[in-house]
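Encoded as structure tokens, the following chain is the form predicted on its own, with no partner shown.
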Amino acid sequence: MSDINRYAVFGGIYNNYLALTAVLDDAERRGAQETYCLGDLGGFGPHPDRVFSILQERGVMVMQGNYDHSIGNDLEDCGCGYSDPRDNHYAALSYAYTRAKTSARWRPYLRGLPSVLRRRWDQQRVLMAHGSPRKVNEFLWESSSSDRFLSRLLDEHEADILLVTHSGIPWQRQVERNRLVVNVGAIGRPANDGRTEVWYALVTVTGGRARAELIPVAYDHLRLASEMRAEGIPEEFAITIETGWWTTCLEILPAKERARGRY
């Protein structure tokens, strides 16, 4: 039996059932033995109900993001954590669509998802959170997350490997004592990098050591953009899918992350 274990981890499906299928197929080809979703199943894209059956049929272990908590409890907003009026304007449009289009039968499922996941991977203590272990909608950005801060976060929450999403931009960092923090990005929309692919993380654990590979996956993004327009979703969202550049929810970005984008 091989002592190499591989785990696929992704977040932010954002209703993108096409990318979800492509990512799961890619992870299977790469030998992932388990697959995890770190929440935010809805938002941004079309046809919310299509992702749920895919997740269940493919045996994905799913945790709750802020979107899932809000939709599951039929709350008035997404709890996304934005503070700028323009960010909140587009977040409200996205949330209103998903809230209206998610069938009532799925609300108990969303409401019942766990808020964190803990595992042991070859004696490595693994913690999966949506935004951060401190708060579901906290943004962990690469530019503003120092090694000292990340080390303290791992200490306080008793983890050797921390996996998060929410920000939508993937990055990873090895901190002292061979500990690992990975923002797995989001598979629902591109990472504001001018590429139309979406990103997930493949974590390999062997001999008590862990490493992560951030993997881009292509899918039929033009079909998704067409379906978004047919559903009356804001044109700005469809342009992001077609170009790989964010056109909305930009004000939350730190200066370094925003400087890498087009807008």
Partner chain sequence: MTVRLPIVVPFSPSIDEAQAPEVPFSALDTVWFQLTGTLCNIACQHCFISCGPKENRVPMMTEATVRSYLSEAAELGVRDYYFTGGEPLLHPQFWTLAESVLAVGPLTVLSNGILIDGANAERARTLFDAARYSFDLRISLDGMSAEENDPVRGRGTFEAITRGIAELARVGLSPTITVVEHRTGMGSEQSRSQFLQFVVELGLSRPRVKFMPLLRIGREAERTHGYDSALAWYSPGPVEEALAERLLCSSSRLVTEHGVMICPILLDAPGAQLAKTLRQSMTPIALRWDACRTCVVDGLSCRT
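Keep in mind that this is a model prediction, so the values were computed, not measured. Residue numbers count along the first chain shown, from 1.
Beyond the structure shown, there is the form predicted in complex with the partner chain, which is absent from this document and is the topic of what follows.
Asker: Which one, 178, 88, 143, 115, lies within 4.5 Å of the partner chain in the predicted bound form by heavy atoms?
Answerer: Exactly one residue meets the criterion: 143.
Asker: For this chain shown on its own, do 134, 147 and 257 all sit within 4.5 Å of the partner chain in the predicted bound form, going by heavy atoms?
Answerer: All of them do, each having a heavy atom within 4.5 Å of the partner.
Asker: Can you check 178-186, 147-155, 71-79, 104-112 and let me know which stretch has heavy atoms within 4.5 Å of the partner chain in the predicted bound form?
Answerer: That would be 147-155.
Asker: With a cut-off of 4.5 Å between heavy atoms, is residue 138 one of the residues that contacts the partner chain in the predicted bound form?
Answerer: Heavy-atom contact with the partner chain at 4.5 Å: present for residue 138.
Asker: Given that the partner is absent here, does residue 251 sit within 4.5 Å of the partner chain in the predicted bound form, heavy atoms only?
Answerer: Contact check for residue 251: yes, within 4.5 Å of the partner chain in the predicted bound form.
Asker: With the partner left out of view, is residue 99 within 4.5 angstroms of the partner chain in the predicted bound form by any non-hydrogen atom?
Answerer: No - in the predicted bound form, heavy atoms of residue 99 and the partner chain never come within 4.5 Å of each other.
Asker: Could you run down 159-184 and flag each residue that has a heavy atom within 4.5 Å of the partner chain in the predicted bound form?
Answerer: Heavy-atom contacts within 4.5 Å come from 173 alone.
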